[in-house]
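Next up: just one chain, as structure tokens, the form predicted on its own.
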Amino acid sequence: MSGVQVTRATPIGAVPLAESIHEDTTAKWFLLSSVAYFFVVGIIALTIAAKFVWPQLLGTVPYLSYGRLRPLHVNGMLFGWLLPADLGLAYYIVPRLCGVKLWSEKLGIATAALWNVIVLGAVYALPAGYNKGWEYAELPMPLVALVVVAWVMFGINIFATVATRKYQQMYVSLWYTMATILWTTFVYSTGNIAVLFTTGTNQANLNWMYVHNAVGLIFTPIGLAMAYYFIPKTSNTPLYSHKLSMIGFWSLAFVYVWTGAHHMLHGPISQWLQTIAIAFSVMLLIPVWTVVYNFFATMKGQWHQLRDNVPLKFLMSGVVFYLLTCFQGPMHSLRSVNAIVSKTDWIPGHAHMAVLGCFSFFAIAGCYYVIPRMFRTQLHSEALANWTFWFFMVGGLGFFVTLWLGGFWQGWQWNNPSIPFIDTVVALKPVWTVRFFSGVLMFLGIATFLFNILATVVGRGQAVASPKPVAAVTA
């Protein structure tokens, strides 16, 4: 239990001495813009889901074709919503874990402005057909260059803040945040720049190394940084074990980078590389179970808080989704399972549970926790926050489970040469119909989330009715 201290802090709306040093301007820019993009990209996602059920929908409009909307949806969710939301939360938690102001709010604001230029550039470029054609790396090279510049600016600000910290002992969220900066630099450069100098199978191998590690070494560490900070804060409970958090960190660092090739099993890559990818994929169970046990042990005796604590509902549901996601990954890396589910709808079900069911839950929880505190006001509506959770939970489960079952069924059909391919497409229409209506529920969750956040910001002059204890996590 070392490395964490729980204290009783002042209520939301009050300005304690320790909090008054934080301006949070950069965090506000990142969080509010990311929530707005979440809504826009949600519309695009719903349009894509509808196209699976009604293929002729908007079929005569080139800009709204599936081939152009899908990369916009993927990049919008990853780099328009989730990553900038996590960056905004990082700008909030890192100064507090260091006991100092953010090193440079001006640099942070410039980073946020540049990130918005990148996202808006993608909104124009991808529907217009400017696309490199690589999974998760569709952005044109000028936008890739701007991403690199923005990432360097973010890294300088965070590392400089840590370097000037007052607290010498570093809490695990700082470890994960700094690692995200380093790992993202390597992963993003590989997937968007190094592939330029390769061809054929080598290029595909590098691309899948990037795709899988975009989740594993970008969104996983920054997501876990948020979970390690907000679970103790929202539950007002100390983290169970700092030592376990370090085991999870270093095992993730050692294992994850080698797993990307499991997306190319039974393909034209060396058997030894496939076997290594399988072995390291199974070894992912080590960091995952370590992290999940630490969070569950932290909540011992505190589960009753889930009734009324909406951020904690999101956080602990995200932990469960993390466990399920990272159990599926090692299992579908096995050759026998991969022969059935690879390239089927099972994979999007798995990927959506990671991005929307786990890491987006962490980010939404963080937004619901920090935005009222940054604007020194009350959350507009706890009831709307609760509706946000249930829309996401019910819609997400319908989406994920339907695609898992449908994808497995799809794989069995593909492995039967007597079934014409078009018949396998027709057979999945009921699956895609459930997927669409589940998507409608998730979009309602996005809409209520956006409205609640904006109403909170607009109503920031409201006084806080009653003090509430808040857990303070310090190094």
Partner chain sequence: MLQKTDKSAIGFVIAALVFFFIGGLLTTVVPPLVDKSWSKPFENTDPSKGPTGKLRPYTDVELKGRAIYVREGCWYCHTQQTRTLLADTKRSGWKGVDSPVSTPDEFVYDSPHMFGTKRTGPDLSRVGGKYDRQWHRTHFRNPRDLVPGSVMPPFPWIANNDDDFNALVAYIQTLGRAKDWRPDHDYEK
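Since the model is a prediction, treat every value here as computed from it, not as a measurement. Numbering follows the first chain given and starts at 1.
What follows is about the form predicted in complex with its partner chain, which we do not show.
- Among His304, Lys166, Lys106, Lys243, the residue placing a heavy atom within 4.5 Å of its partner chain in the model of the complex is Lys243.
- Proximity to its partner chain in the model of the complex, defined as a heavy atom within 4.5 Å, singles out one entry of Val434, Val425, Leu444, Leu450, which is Val425.
- Taking the partner from elsewhere, Glu382 is found to have every heavy atom lying beyond 4.5 Å of its partner chain in the model of the complex.
- Proximity of Trp208 to its partner chain in the model of the complex: non-hydrogen atoms within 4.5 Å are present.
- Residue contact with its partner chain in the model of the complex: Pro430 places no heavy atom within 4.5 Å of it.
- None of the heavy atoms of Pro142 is located within 4.5 Å of its partner chain in the model of the complex.
- Proximity to its partner chain in the model of the complex, taken as heavy atoms within 4.5 Å, picks out 337-345 from the listed stretches 284-292, 363-371, 337-345, 393-401.
- The three residues Leu83, Gly155 and Lys300 each lack any heavy atom within 4.5 Å of its partner chain in the model of the complex.
- Looking at 30-67, the residues that come within 4.5 Å of its partner chain in the model of the complex, counting any heavy atom, are Phe52, Pro55, Gln56, Gly59, Thr60, Val61, Pro62, Ser65, Tyr66, Gly67.
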